[in-house]
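To begin, one chain is listed below as structure tokens, in the form predicted alone.
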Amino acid sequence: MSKPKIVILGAGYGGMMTTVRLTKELSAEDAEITLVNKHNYHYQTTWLHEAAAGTIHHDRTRMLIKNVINTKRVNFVQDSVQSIDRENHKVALKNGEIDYDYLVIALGFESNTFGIKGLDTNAFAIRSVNTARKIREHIEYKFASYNSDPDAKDSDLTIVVGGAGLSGVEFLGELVDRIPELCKEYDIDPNKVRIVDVEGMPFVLPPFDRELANYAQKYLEGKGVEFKLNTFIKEATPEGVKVQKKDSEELEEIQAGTVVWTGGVKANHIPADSGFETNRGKIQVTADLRSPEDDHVFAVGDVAVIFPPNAERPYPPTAQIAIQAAENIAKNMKHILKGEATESFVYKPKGTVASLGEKEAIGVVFDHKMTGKPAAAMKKVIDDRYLLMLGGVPLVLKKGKLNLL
């Protein structure tokens, strides 16, 4: 009798942790495990804002998959997923197809521009290693050419960030660290640089405690960031953005050399396009993280929506939840193969920390509020803990952040 085939689609936090945990939970005789990913590397999505600002090299955010997974136990296929055929248990890839008995969908997110005119063509989005690299290179080019290009304008040194959620605020924190270095390197008066954040809500960091969010806003404002709250980007143009304050009919044009959109993401389109019933593009999984339509299919990360028991609002799509859900999926896969009852997913919050650059942060860890350097150190502990879970001490020593303190 052939071994059951387990296929994991995507090597983000959920996909990678599911793969690693499956090799711990199952023996080589229990199942054949295959991981499919577009790239040959896994990257830290929560570090991309640093690479985009240029405070770390983009290579630091990524690691070769073959160096993390047990290649003797896992078959890695580098290919792009095109569609899922649930009826025949097949996944169509760009360069072929693959059969499965059990499927884990972990295909991640796509940028969501909410139909705002010009964002797709005139703004950057922090969604991958390559886009982060492009943002860093673009900003550096604007600074490098300011004093040498006769056509350069002061507005070339203006950076507009759309959104003041976690990604936007963390990117701003890195920018205020990086800009002084660029000004020094290219002999530019720092007073000519303008960083503007446009946020539709009346406050920054909506999910965070108000006291901590206000701390973050005041810190960034003290570093020169201008916040335009209750204000919406209506259009992105080659010259910058057009914004409109809530309850106002007037449009304000902000000329800028760089526009970065962090205002939202959506689930990868493939599950919905493949016929799965979705909630805003996400599979609303059962208590044991399976598709309600197909108990051979699990979903994790940005393609899954998980509701706490008796709750009206789902858990936010964070890396922390994806990692814990992946561990649950690996355990349940073992239960299923052994004919045992599955376990319901129980989220155990460890806290949330938002970085504001290298040495500043805010957060709540085990119900304890933190700011400043202690919070920044805790952020590094959290990042390194994930690396430890994923690849052990060698990966922490190679990629970890605490060894940089």
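Numbering starts at 1 and runs along the sequence shown. None of the values given here were measured: they were computed from a predicted structure.
We do not show the form predicted in complex with a small molecule, though everything after this point is about it.
Inset, instruction - Pick the stretch from 176 to 184, 328 to 336, 140 to 148, 294 to 302 whose residues have a heavy atom within 4.5 Å of the small molecule in the predicted bound form. - result: Contact criterion met by 294 to 302 only.
Legend entry - Of V285, V74, I195, I126, the one that lies within 4.5 Å of the small molecule in the predicted bound form (heavy atoms): Filtering the options by heavy-atom distance leaves I126.
Inset, instruction - Name the single residue among R62, K359, H39, K350 that comes within 4.5 Å of the small molecule in the predicted bound form, judging by heavy atoms. - result: Flagged contact: H39.
Inset, instruction - Give a yes or no for H58: in the predicted bound form, does one of its heavy atoms lie within 4.5 Å of a heavy atom belonging to the small molecule? - result: No, no contact at 4.5 Å.
Legend entry - I98 within 4.5 Å of the small molecule in the predicted bound form, heavy atoms: So I98 does not count as contacting the small molecule.
Legend entry - Contact of L22 with the small molecule in the predicted bound form (heavy atom, 4.5 Å): Judged by the heavy-atom cut-off of 4.5 Å, L22 is well away from the small molecule in the predicted bound form.
Inset, instruction - Classify D85 as contacting or not contacting the small molecule in the predicted bound form by the rule of any non-hydrogen atom within 4.5 angstroms, answering yes or no. - result: Residue-level check for D85: no, no contact with the small molecule.
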